[in-house]
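Encoded as structure tokens, the following chain is the form predicted on its own, with no partner shown.
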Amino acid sequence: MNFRIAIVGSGAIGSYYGAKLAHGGSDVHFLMRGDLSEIRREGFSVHGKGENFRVAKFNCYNSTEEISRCDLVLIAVKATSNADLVDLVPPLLHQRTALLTLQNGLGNEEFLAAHFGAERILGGLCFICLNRISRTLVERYDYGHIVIGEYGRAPQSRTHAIASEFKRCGVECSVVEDLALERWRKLVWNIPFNGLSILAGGIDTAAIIADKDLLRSTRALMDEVIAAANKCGHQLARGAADEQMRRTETMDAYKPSTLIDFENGKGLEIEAIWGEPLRRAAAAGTPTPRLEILYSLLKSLEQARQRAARTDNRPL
């Protein structure tokens, strides 16, 4: 199948996977706000572990109206910007357009389904370490595979066709039977490492593992997430924590994406990564006291940042 693909959200994740697809010959169109002259002139590059390539013709636009209808839309905006999708997505849709969200946390598929129809929605989980370090460059540090699944359904022919398109373009991609289960599996890592990296003063994964108290907190949070997943009907073995720790030990000094957002003054995906899992755990009747504390601290910190930003921008 020859997909016409739109990328909505051109940060590190959207730019990287879109560039991989474009470099592999897919028909890819990027929504990128602001002055696009540099990207159109220089193209877009990916450097890093095992990769070094440039996409000379980078199809980028200021609006989704300019992109028009596509067969597949990759949603890679932060969950904090979901409200914007209500207006951004409709110009990209035809009757069979599929929406594949690559966002973190829980609740994103439900949001998209409520606005655009559950039958369109797929989810993807990206296991990769990278950063967009300039308008025209993404640096990849480690990993690079993606898993995709249907929202609330078993895989369909289109699921495998999308996975094949990723693989054809050099992206390791697999199809999962139970997308919700894999969402919880990724949260086993995201909840502790993204949260503690911020609250411990802006430290990387290696520093968390090296600190015995933070390591103990990490394992305790992982155990809570696994217990919550099981109570919510998604069966995760306790060994899921060991698997995530082994993976983290190979990352060296990696800064989680949420920490990078925090350092750059961007909004944090607090509700998707910590709030929604906490609410679902509570509804299922499983206590998660450490997650509750983590969520409360991060929410308070973010509110304080927003108040400070409003004060700093107040006219004299």
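Only a predicted model underlies this, so the values are computations on that prediction, with no experimental measurement involved. Residue numbers here begin at 1 and follow the sequence given.
What follows is about the form predicted together with another copy of the chain, which we do not show.
Chemist: So, in the model of the complex, is residue 129 in contact with another copy of the chain at a 4.5 angstroms heavy atom limit?
Modeler: Residue 129: no contact with another copy of the chain in the model of the complex.
Chemist: Any of the heavy atoms of residue 23 lying within 4.5 Å of another copy of the chain in the model of the complex?
Modeler: No, no contact at 4.5 Å.
Chemist: Hey, in the model of the complex, does residue 244 get a heavy atom within 4.5 angstroms of another copy of the chain?
Modeler: Although another copy of the chain is absent here, residue 244 would stay clear of it in the model of the complex, with no heavy atoms inside 4.5 Å.
Chemist: Decide whether residue 290 counts as a contact residue for another copy of the chain in the model of the complex under a heavy atom distance cut-off of 4.5 Å.
Modeler: Residue-level check for residue 290: yes, a contact with another copy of the chain.
Chemist: Only one of these stretches, 146 to 154, 225 to 233, 211 to 219, 74 to 82, has heavy atoms within 4.5 Å of another copy of the chain in the model of the complex; which one is it?
Modeler: Comparing against another copy of the chain in the model of the complex, the contact stretch is 211 to 219.
Chemist: Looking at 175, 137, 200, 180, which is the one with a non-hydrogen atom within 4.5 Å of another copy of the chain in the model of the complex?
Modeler: Checked against the cut-off, the match is 200.
Chemist: Sequence order please: the residues of 72 to 87 with a heavy atom within 4.5 Å of another copy of the chain in the model of the complex.
Modeler: Residues within 4.5 Å: none.
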